[in-house]
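There is one chain below, alone, in structure tokens, taken in the form predicted on its own.
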């Protein structure tokens, strides 16, 4: 299967490390013009360097609607949007009665609200072109429960899956597909490394034993599914959620 994105304009949020960086690099390797977005300046600069001279970096908090609109207007028409920005914002699992309004909103802003704002901003250009791809990166937590026990994370990722299905039907008449990748646990960034260490040897072994393939995946495994959803091979695939988790 030869997947090529020559001269396609691609936006990847949360691109400073982990899945986002791998996704950005995979698009760049296939000829795309990559616009990487993140709030992590150092990581963003490294991603842009790895993606080559045709890539651009944008400091962007996807939870701020006005900033999203400004960056998208600067880029112009976009062929492919990958909503990868997310995470737990440094939080750990705590009892429900200890969660503040700010704790709850912070996670929703980056994982769900940001995906909506980005899709809202790129939709007019995609409609004009009568073509587009939107790929959301959720989590196994959105289909089940969060390994971290963070209520807002599981809820926001489940909401993002609902958003995927809703937008697929709304934008489908303009030949815009909207799909979702739900990764399993992958050691891909500082947060997941902390989670891995916190499991201890027994917890790590148990997690791997519950995977059909008996091994952890990589960020490139997640990027591979994104490449498929963004390609012409997925032209009649929309509103779908694919778990990339080694089999559960």
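What you are looking at is a predicted structure, and each value in this text was computed from that prediction instead of being measured. Residue numbers count along the first chain shown, from 1.
Absent from the display: the form predicted together with a small molecule. The rest refers to it.
>> Counting any non-hydrogen atom inside 4.5 Å, which residue from 50, 39, 207, 198 sits next to the small molecule in the predicted complex?
In response: In short, 39.
>> I need the one stretch from 120-128, 149-157, 94-102, 167-175 whose residues put non-hydrogen atoms within 4.5 angstroms of the small molecule in the predicted complex.
In response: Careful reading of the contacts points to 149-157.
> Is there a non-hydrogen atom of residue 110 within 4.5 angstroms of a non-hydrogen atom of the small molecule in the predicted complex?
Replying inline: Taking the distances in the predicted complex, the answer for residue 110 is yes, it comes within 4.5 Å of the small molecule.
> Taking the shortest heavy atom distance, is residue 189 within 4.5 Å of the small molecule in the predicted complex?
Replying inline: Yes, residue 189 sits close enough to the small molecule in the predicted complex that at least one of its heavy atoms falls within 4.5 Å.
> Taking the shortest heavy atom distance, is residue 132 within 4.5 Å of the small molecule in the predicted complex?
Replying inline: Output for residue 132 is no: heavy atoms all beyond 4.5 Å of the small molecule.
> Applying a 4.5 Å heavy atom distance criterion, does residue 230 contact the small molecule in the predicted complex?
Replying inline: Although the small molecule is absent here, residue 230 would stay clear of it in the predicted complex, with no heavy atoms inside 4.5 Å.
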